[in-house]
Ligand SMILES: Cc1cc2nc3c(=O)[nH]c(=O)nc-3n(C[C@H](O)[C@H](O)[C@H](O)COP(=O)(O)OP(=O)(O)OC[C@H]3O[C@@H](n4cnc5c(N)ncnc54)[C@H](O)[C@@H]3O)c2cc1C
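Read the single chain below, which is given as structure tokens and is the form predicted on its own.
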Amino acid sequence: MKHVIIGGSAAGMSCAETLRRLDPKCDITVISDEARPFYSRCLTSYYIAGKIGERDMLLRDPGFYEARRLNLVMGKKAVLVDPRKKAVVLDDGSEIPYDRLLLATGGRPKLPDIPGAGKRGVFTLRTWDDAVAISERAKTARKAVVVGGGLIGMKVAGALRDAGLEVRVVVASGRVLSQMLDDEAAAIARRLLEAHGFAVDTRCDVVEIEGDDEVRQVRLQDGRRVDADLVVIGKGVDPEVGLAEACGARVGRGIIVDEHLKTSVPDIYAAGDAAEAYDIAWGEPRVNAMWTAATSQGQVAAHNMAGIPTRYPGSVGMNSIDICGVPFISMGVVSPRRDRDGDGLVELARRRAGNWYRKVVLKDRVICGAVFAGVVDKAGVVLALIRARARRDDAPERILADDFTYATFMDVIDEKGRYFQEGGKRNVQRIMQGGY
């Protein structure tokens, strides 16, 4: 059996490792357009800040791939998948045949049409090479502008500040981290940023990047010009669906997969940041660009590719960030909306004191989301409850109480009315460990 995996990050490598464990004799080829071996994308901002070095970025030692007989094709881009020939065509014209294929193509940075975005000193952050280039520029730069206030933008802003630069964050929406935090948590984050020397402009955007060959300043939507010798565009990431679309696979926001992570094309699977798979909190398919989800999906895809039918249980979108020493975590449904069937708004339970904030979101008394700032010790507990579709039949504020711990799980039941009563603490621990 010939397995080919396009993408050498979390989903692709977890699939390769699992396939080798399941089938010691199969042929496994991993194609990556990066020339670097498996590393942690999550650590790129720490690299920019100078907190870690190259060795810390690597997730496997050099002998790992040879020991598991993984055929690595690095620094080459897959440009076409031909499902009739069952072959992947690379940018050098060579072809790699497959029996089963995984698309773990990840995402690509959103690139708004800003005049001057091609000048030297303007970057996006997605890969290790991006982090190296930003780090080198930061050694001689003094003032940085980060375009975008999402998770990537805020992490790179913090890294550049740690590297000694003056940092301005320009956000088109009305708040920082608008996809991760609600209004109250975002207000706390902004106050912290400004108190620690960041300049933050909301409801504003960069309309031009000025300079000769190199960036010297940016022009804002309101007409102001701001000095900058380093600009990072962090407007988010789009799923990389081009190969899937071209070979006839169904595509929504991401590559649409079924409960076994199969695409609509026979013998082709998808996993990771490019896949649109089931989300437990929302109760529908969504793209959850998380390392943990990518790893889990890679493992499930490997089982199915190896002929072991395995259902993907779904993931819960979760993000975390430290802003000026204060931790923030959100998961599932953060900003409630009226659902599609018009059944009404979700319920909210809030508790706040200074930079300390908790919110739990419920729909039909089922926990479906949460936001934490400052004190995040209950986040793992609530995540377990979201995964279990736990129901709260009395006052939802109990979930926010300081004494809400494992011991109180016996009072929380799932939609069938028995989950935590029968399984107790063992079930909770299994969920917390990501078991399925």
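All of these numbers come straight from a predicted model, not from anything done at the bench. Don't overthink the numbering: it's just position in the shown sequence, from 1.
Quick note: we don't show the form predicted in complex with this ligand, though the next part is all about it.
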property: Per-stretch contact check against this ligand in the predicted complex, the hit in 148-156, 353-361, 110-118, 189-197 (non-hydrogen atom, 4.5 angstroms); result: 148-156
property: Close approach of residue 279 to this ligand in the predicted complex, 4.5 Å, heavy atom; result: no
property: Distance check, residue 292 to this ligand in the predicted complex, heavy atom within 4.5 Å; result: yes
property: Close approach of residue 34 to this ligand in the predicted complex, 4.5 Å, heavy atom; result: yes
property: Contact label in the predicted complex: residue 126 to this ligand, heavy atom within 4.5 Å; result: yes
property: Contact assignment for this ligand in the predicted complex, among 302, 244, 160, 271, heavy atom within 4.5 Å; result: 271
property: Residue (of 171, 180, 78, 333) lying close to this ligand in the predicted complex, criterion heavy atoms within 4.5 Å; result: 78
property: Residues within stretch 97-111 having a non-hydrogen atom within 4.5 Å of this ligand in the predicted complex; result: 104, 105, 106, 107
